[in-house]
Ligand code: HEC
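Have a look below at one chain only, the form predicted on its own, in structure tokens format.
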């Protein structure tokens, strides 16, 4: 009985430490992407649909855009983690 309780406690501790994975749309909203980008309309920056269309056939688009966002090249530097950038870019690059 004691060992079962220890296993349950260990699983609970591990589960509570797991990070919640946000969707790309949630990250885009939380990190302020939607302040400058709209899904269909150009605001300060191009629309998300225009970004997706521009990089539609570019297999290295995610890596290029991640580097630009992290370094602040042609876009304000992003304070997002690698996982957040990946989620947001996958959301944007697959927009229809």
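Positions refer to the first chain, counted from 1. Owing to the predicted nature of the structure, the values given are computational and were not obtained by experimental measurement.
This protein has a second form, the form predicted together with ligand HEC, left out of what is shown; the following refers to that one.
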**Request:** Spell out, yes or no, whether the shortest heavy atom distance between residue 25 and ligand HEC in the predicted bound form is within 4.5 Å.
**Result:** no
**Prompt:** Heavy atom to heavy atom, is residue 72 within 4.5 Å of ligand HEC in the predicted bound form?
**Reply:** no
**Asked** Might residue 49 be said to contact ligand HEC in the predicted bound form, defining contact as any heavy atom within 4.5 Å?
**Response** no
**Prompt:** Would residue 54 count as a contact of ligand HEC in the predicted bound form, using a 4.5 angstroms cut-off between non-hydrogen atoms?
**Reply:** yes
